[in-house]
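There is one chain below, alone, in structure tokens, taken in the form predicted on its own.
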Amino acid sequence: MGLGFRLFGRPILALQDSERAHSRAIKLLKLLSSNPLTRLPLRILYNPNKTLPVQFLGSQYPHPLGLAAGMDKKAEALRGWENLGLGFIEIGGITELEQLGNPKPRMFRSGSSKSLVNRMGFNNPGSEKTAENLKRHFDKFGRPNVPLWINLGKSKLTPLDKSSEDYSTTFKRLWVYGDVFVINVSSPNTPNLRELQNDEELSKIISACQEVNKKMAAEHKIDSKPILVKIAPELDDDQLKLVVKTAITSGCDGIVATNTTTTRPDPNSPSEEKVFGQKGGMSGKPLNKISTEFIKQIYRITDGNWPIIGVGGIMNADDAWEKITAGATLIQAYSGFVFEGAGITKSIVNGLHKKLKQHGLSSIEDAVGLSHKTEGVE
């Protein structure tokens, strides 16, 4: 199916506006997963043949590959992502207030470099409508069979000094539906958002969310929900150390490395130059090495004792293996689905299974941080 997508699906998508193609793909996945006659073929074609169970913050995941935020902002195709065999699903980013996002066009694709540039601007239904949508879905279909992560963003209209209230309000409204929450202070498409990565502001946001977390857990008589923070790849070494220290001391359970980048590689063609010249965050293959290096740095800073989720430019099993051996316990794909198709989950998970056998390892946990050990870094 991967070959079929590359031969036929990718050229067709290349003729369409990027955002429209994205929307149509989500709607098609939702449609196919709503009918038992088409749902079964999805599972047969796209589910991995192997299982690679991973323990993460008290829960077991069927394998380490999940869907990154931004692909399904409105949680439209939850059943579809399950049927494609993903180990977990992240929706959003969701903000307290409903947002239309930035003016269109705002998503641009370069097939030759396998990169996407977007300046979406957290377009989403807002926390109240998202809670209503998730309630309807849960009432009708039950909870997803894999962990559901929710990415939390800041409303554009909310002043920076009120950010903690914005994030914690969204967190409270969605708390019962999510299994893991990701505080996104690193999108380049909301003005001044990345300023919230400084220690004081980040600490306020995390603390406000943790206060809600404790109250909701007590009210529902269950454990509190894991909270992660998602960072930008433009942090320098000192900033990265400070963000990690602040997140840990504030009670964050892990870190997502990384968000999209505002840097650009040198273009190799006029078409690449046109895409690279657009404002916004770049994801895809050019982000791969950058995010992997951040994972390595965080692993060293924390002595491998703090969970890292690796995201950025994962297109195949080799990319996934690099991120895991660099220190990531779980990994996420976004652009990989655009450029490699729905078969990417199956190919990556089966490929990781082969990697474990080649290295004589019995589990993904054994591979986490492996490159540090072979380099003599403990």
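Quick caveat: nothing in here was measured; it's all calculated off a predicted structure. From 1 onward, residues are counted along the sequence shown.
This next part talks about the form predicted in complex with a small molecule, which is not shown.
**Student:** Against the small molecule in the predicted complex, would residue 204 count as a contact residue? Criterion: heavy atoms within 4.5 Å.
**Tutor:** No.
**Student:** Looking at the partner-bound form in the predicted complex, is residue 284 within 4.5 Å of the small molecule by any heavy atom?
**Tutor:** Looking in the predicted complex, residue contacts with the small molecule include residue 284, since a heavy atom lies within 4.5 Å.
**Student:** Although the partner isn't part of this model, could you tell me whether residue 313 comes within 4.5 Å of the small molecule in the predicted complex, counting any heavy atom of the residue?
**Tutor:** Residue 313: contacts the small molecule in the predicted complex.
**Student:** Answer yes if any heavy atom of residue 109 is within 4.5 Å of a heavy atom of the small molecule in the predicted complex; otherwise answer no.
**Tutor:** No, residue 109 stays farther than 4.5 Å from the small molecule in the predicted complex.
**Student:** Out of the stretches listed (348-356, 34-42, 333-341, 52-60), which one is close to the small molecule in the predicted complex, meaning heavy atoms within 4.5 Å?
**Tutor:** In the other structure, the partner sits against 333-341.
**Student:** Have a look at 151, 130, 190, 292 for me and say which one sits with a heavy atom within 4.5 Å of the small molecule in the predicted complex.
**Tutor:** Going through each option in turn, the one that passes is 151.
**Student:** With the small molecule left out of view, choose which of 232, 77, 116, 243 has a non-hydrogen atom within 4.5 angstroms of it in the predicted complex.
**Tutor:** Result of the distance check: 116.
**Student:** Taking 69, 92 and 120 as the candidate spot, are all three within 4.5 angstroms of the small molecule in the predicted complex by heavy atoms?
**Tutor:** The answer is yes: all three residues contact the partner (heavy atom, 4.5 Å cut-off).
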